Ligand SMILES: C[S@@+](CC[C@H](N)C(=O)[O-])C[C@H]1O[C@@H](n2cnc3c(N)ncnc32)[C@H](O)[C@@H]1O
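Shown next as structure tokens: one chain only, the form predicted on its own.
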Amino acid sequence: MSTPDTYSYPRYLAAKKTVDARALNTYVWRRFLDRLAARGEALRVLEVGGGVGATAERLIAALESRAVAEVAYTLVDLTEENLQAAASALHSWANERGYAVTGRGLQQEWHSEALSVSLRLVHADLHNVTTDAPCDALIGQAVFDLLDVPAALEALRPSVHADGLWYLPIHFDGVTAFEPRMDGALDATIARLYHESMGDGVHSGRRLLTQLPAAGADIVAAGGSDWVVHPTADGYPGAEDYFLHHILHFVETELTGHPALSDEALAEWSEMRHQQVERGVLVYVAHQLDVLAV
């Protein structure tokens, strides 16, 4: 593909499904599934920052083979565009998977021999989330690195059972790398300034390991979940070329006009990196952590 003229966040979220699927820490994921399924046949799950529904798909597919009969799944996102994309994507996914689906919008019911799902999509800030009853698990993928974590945990605590699970995967932890190297000094400067633009979120992964216990939760499992995107003989998998273009767009947006970096140098660096994506040679690595607590 050529460099996009415009960027769409829902399209970025859809493009990174395959990136996340490779990255998720399987040990942490299995511990989460085991703990969640052991809570009973009827489960309540709350996902904040649910995006376009990729995590909902992954979890529901996994629960179909477990001793679970019903799932009440609430997906919360701050962006209406994401919710509409999630509603459409999840409706199509459930149909393709063989569920009898009623409802097309923000309220859907899915039924199959394996599992019944009540899906509710909510447009809200996570600090204002309300639920009919406390949930068995709260999921927040790649969202707490954008927040004041202690305040977010305090706001969400009433929505989670006292012994409920907190599954928080894909949280950034301080490493961004692009290969092949161009200008080593410029590469290092761009990475440093990009990390500085994230504030405390730059090490959110490791800080969850202390912030969750400080909020009264016990760490059950944690592990690395690095994004590693590289070309194969057939090019980039799925839509990962668009994902890379969008990552470069994030860097450009954050650093354009930065007093420690000339816009000309940034533009030249960005253009070369976009060209590397188009030629199928750019490699991208970001270090992240998955954390499970109770």
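Computed from a prediction, not measured in an experiment: that's the story for all the values here. Residue positions are given as counts along the sequence shown, with the first one as 1.
Below, we turn to the form predicted together with this ligand, even though it does not appear here.
Residues with any non-hydrogen atom within 4.5 angstroms of this ligand in the model of the complex fall in just one of 190-198, 209-217, 100-108, 121-129: 121-129. Shown alone here, Leu13 lies within 4.5 Å of this ligand in the model of the complex, counting heavy atoms only. Proximity of Thr74 to this ligand in the model of the complex falls outside the 4.5 Å heavy atom cutoff.
Shown alone here, Leu115 lies farther than 4.5 Å from this ligand in the model of the complex, counting heavy atoms only.
Contact between Val202 and this ligand in the model of the complex is not found at the 4.5 Å heavy atom cutoff. Between this ligand and the residues Leu147, Ala89, Ala221, Ala155, the one pair within 4.5 Å by heavy atoms in the model of the complex involves Leu147. Of the residues Met182, Ala151, Val175, Leu78, just one reaches this ligand in the model of the complex with a heavy atom at 4.5 Å or closer; this is Leu78. In sequence order, Glu47, Gly49, Gly50, Gly51 are the residues of 41-71 having a heavy atom within 4.5 Å of this ligand in the model of the complex; the partner itself is omitted from this view.
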